Each structure stands twice: as C-alpha cells, then as structure tokens.
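Just one chain follows, in the form predicted on its own, and it is written as structure tokens.
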C-alpha cells in the first residue's frame, strides 16, 4: 500500500466518479482505475461498488476513508515536523543539574523556554556531578548544569550565569549585625562545608577562597551534598557556611545572609553538553540564558 494509492482512493471517494477524480488528479482514467484495483487486491476487499450511474463506497471503503485521510494529513505534516525538529522546536530536552542550580535563574529560564517551545518535553534530573556526566555520556541527558567547566575533550561548555558568594549565619550570631563580613572574621568559626565532587565545584571554590585570605575554617560538618541541608544546619546553629547568593531563598526567615566584604570572582553556573551530537534544542535552551 503506497501513499499515492491512498491519495487516489480519497480522490475517488470525494468525487464518487473515476472520471472526475482523474480530472482532479490530472491523470487519465484507466491508470487511476488500475491503481484502485491494485489497492483493493492488496487489501482483499472491494472499496467501491461500480455501476452505470457512478460509484459508491462499500462498507470497507467507508471504514478506510477516515483512516486514509488521517494518514495523508500526517504524511503532509512530516516535512514540517522534520524542519521543526531540526530547528529545535520539537522533541525532548533532558537536563541534569546539581540541586543548588535550581535556586537561581533556572526556574525563570524554564518558564520562558516552555512558553516559546511548548512541543519540547523538558525533564529535569538532580544528582551528583559525576553521575550526571555519566548519564550525559550515555545519552540519557542532553545537557548538565554544574559549577565546574568541562574537562573531557568530548564535552563542550558555556557559562550560563554568575553569582556572588554570601555568608549564611544562624540567627543571633555575632556577625549578623554587620552589613558585610570580611573573610578573616570567619577564622575559627564552626564551619559547614559542601561535598567535594572534584573539578572546580563549590567545595573547591570555597576552600580556595578561604586559603587566598589565609582563613583556616574550623570544619564541624563536611561532605554535605544539598545546599538545603547546609542551610538547615546553619538555621539549627550548628555553624555557618559560604553559599551561592541564590541559596538565600532557602529558609529566609531562619538564616541571615550577608555579602562578603571583598572583591571576589563570581561563582559560574556552567552548561556542559556532548560535542558529537549537540542538538538544536540544546542550543535554544542555552540561548535563553543570554
């Protein structure tokens, strides 16, 4: 069964005349009649009752007609679907992210992206950087958002956003009255550190920041994966911490956030993707961060 034969069948069904259908199709009647006979032979049923006053659809023809119309409509849409997929307007986008990345600009970017491209199905996966990159390489994710630049030759990357570090303090802490906090004031304070994942993640950036200012932290809790957990420990009075500014939306009434009184490099949020099969959808998603 070919698309062309279905088109011939629909034309004859619309006109209920082989002569009129041949005229609409700009072809001779005998070849049209032969093609319909071939279609009926393939299906094993008659589609038309032929008589001296014209033709009429059989029960089989009546059942086939709406299905044939639907198939032809979808067939006509195939070039458009292909063009939209090729331009990143339809398809899927699987985004992997470290949980703290959801506190900043990501919600607004996702809202705009979904508004512009409603036919792209977006899914989010939160996990540790190493696992996210493994899923990226396996093709389960299309893009990963993390705090480290790409280090593998197979990966491309781009900084999507930058933000400052702030100090998270428990309520009533002696430093909470200050409008900004010098890093030297954190010496010997009980400190809560994020988990170390390697590369240039939050842990490495905080350690370097403190070392550059000759501050040795008194680490009372370490290897904490979620920023929400770190902030929760700060709220409980376990210690203080340094977190990205976007984390200040967490427990805003229970934790005091203060800027650092120093000129510091911002914390970059980095997008990482596979160079070999970067999709147009990935490019459109990255462009929304501009």
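Residue numbers count along the first chain shown, from 1. Superpose the two forms; the largest set of C-alphas matching within 1.5 Å is the rigid core. These numbers were taken from a predicted model, which means no experiment stands behind them.
The same protein has a further form, the form predicted in complex with the DNA, not shown here; the description that follows concerns it.
**Q** At the 4.5 Å heavy atom threshold, is residue 8 in contact with the DNA in the predicted bound form?
**A** It does: once the DNA is placed as it appears in the predicted bound form, residue 8 has a heavy atom within 4.5 Å of it.
**Q** Does the 4.5 Å heavy atom contact test between residue 59 and the DNA in the predicted bound form come out positive?
**A** No, no contact at 4.5 Å.
**Q** Heavy atom to heavy atom, is residue 249 within 4.5 Å of the DNA in the predicted bound form?
**A** Because no heavy atom of residue 249 falls inside 4.5 Å of the DNA in the predicted bound form, the answer is no.
**Q** State yes or no: in the predicted bound form, is some non-hydrogen atom of residue 51 no more than 4.5 angstroms from a non-hydrogen atom of the DNA?
**A** Judged by the heavy-atom cut-off of 4.5 Å, residue 51 is in contact with the DNA in the predicted bound form.
**Q** Name the single residue among 236, 45, 27, 63 that comes within 4.5 Å of the DNA in the predicted bound form, judging by heavy atoms.
**A** Going through each option in turn, the one that passes is 27.
**Q** So which stretch, 259-267, 64-72, 241-249, 32-40, is the one near the DNA in the predicted bound form (non-hydrogen atoms, 4.5 Å)?
**A** Answer to the contact question: 32-40.
**Q** Just to make sure I understand: among 105-123, which residues lie within 4.5 Å of the DNA in the predicted bound form, judging by heavy atoms?
**A** Result: empty, none.
**Q** Given a superposition on the rigid core, I'd like a yes or no on whether residue 282 shifts its C-alpha by 2 Å or more between the shown form and the other one.
**A** It does not reach a 2 Å shift.
**Q** When the rigid core is used for the superposition, does residue 56 move between the shown form and the other one (threshold: C-alpha shift of 2 Å or more)?
**A** Result for residue 56: yes, a 2 Å-plus shift.
**Q** Residue 271: with the rigid core matched between the shown form and the other one, does its Cα shift 2 Å or more?
**A** The answer is no, as the C-alpha of residue 271 shifts between the shown form and the other one by less than 2 Å after core alignment.
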